[in-house]
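Only one chain is included here, represented as structure tokens and corresponding to the form predicted on its own.
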């Protein structure tokens, strides 16, 4: 217990230090008060976007792993990111490059609603029947992602130039090209989702025991799973809309949190996986800014995540 308290204090302290470093790194050598204000004005919304995205991706991944009862699966691996991008493409393809759904708020509401519908359909047709078969779930995720990416490529090839430019602006969101228009909307939604996950921590612990055990313990399993899948869809929609796909972030951070704390207490896992995600993203971007952006953070995340995935699969002897 004392060891966990030290770890918790250390991670909180490190998160604070990394946040301060991220905010101050661009202030080195700045002497003008106006320039100082402009840098803070630009950096602070990005800090909020990274915080919201990191916390939501890791929380959604943690809850999703509880539902499928496997620690190597995340929403991104089942195509949640690809679903979001496909929705954006279809909106512009069907309605044109000038329509009210290009408004960030309306677009987010529609995208989130469609993601919830698709998620519930996937649950009924796939997850409910195959949640214990890791190979089938990974294959379905690969097939869905490949299909949606090819569909997006095909639709882009027959779009008009104006439609293609509008689409590119909408789906080229990344850690260096964030959609800051949604930050003020995303922040309260993130807080709401985290509070809901945190309040349901005990239920998530029961869900992680498997469907039969959860039902035997008196939990309304299907109702709880559907509810949390809706939370996951909302979380992934916000994160993808803000900073683009972060495929392996949830896998790395959630499993790292489990390894550090050696616990199934979801309150601890939710809080500290979010803090580790913030540390990972902000520290990575700060280091890349110092060395001159010799690569991009998603490339590093995917490289580490791919290697870590192999490590977990071999260690757990799942296949």
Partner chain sequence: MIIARNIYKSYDSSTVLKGINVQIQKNKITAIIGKNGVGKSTLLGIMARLLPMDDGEVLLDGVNIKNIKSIDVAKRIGILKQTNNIQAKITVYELISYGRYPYSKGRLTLLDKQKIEKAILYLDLEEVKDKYLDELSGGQRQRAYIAMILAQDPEYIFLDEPLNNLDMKYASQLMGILRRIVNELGKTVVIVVHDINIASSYADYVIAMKDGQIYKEGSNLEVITKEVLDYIYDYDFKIKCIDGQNVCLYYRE
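None of the values given here were measured: they were computed from a predicted structure. Positions refer to the first chain, counted from 1.
As for the form predicted in complex with the partner chain, it is not shown, yet the points below apply to it.
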Residue (of 194, 219, 87, 180) lying close to the partner chain in the predicted complex, criterion heavy atoms within 4.5 Å: 219
Sole residue of 117, 215, 94, 184 within 4.5 Å of the partner chain in the predicted complex, by heavy atom: 215
Distance check, residue 230 to the partner chain in the predicted complex, heavy atom within 4.5 Å: no
Proximity of residue 202 to the partner chain in the predicted complex, heavy atoms at 4.5 Å: yes
The partner chain contact at residue 286 in the predicted complex, heavy atom, 4.5 Å: no
Partner proximity in the predicted complex: residue 206 to the partner chain, non-hydrogen atom cutoff 4.5 Å: yes
Candidate stretches 263-271, 36-44, 50-58, 276-284 - the one whose heavy atoms come within 4.5 Å of the partner chain in the predicted complex: 263-271
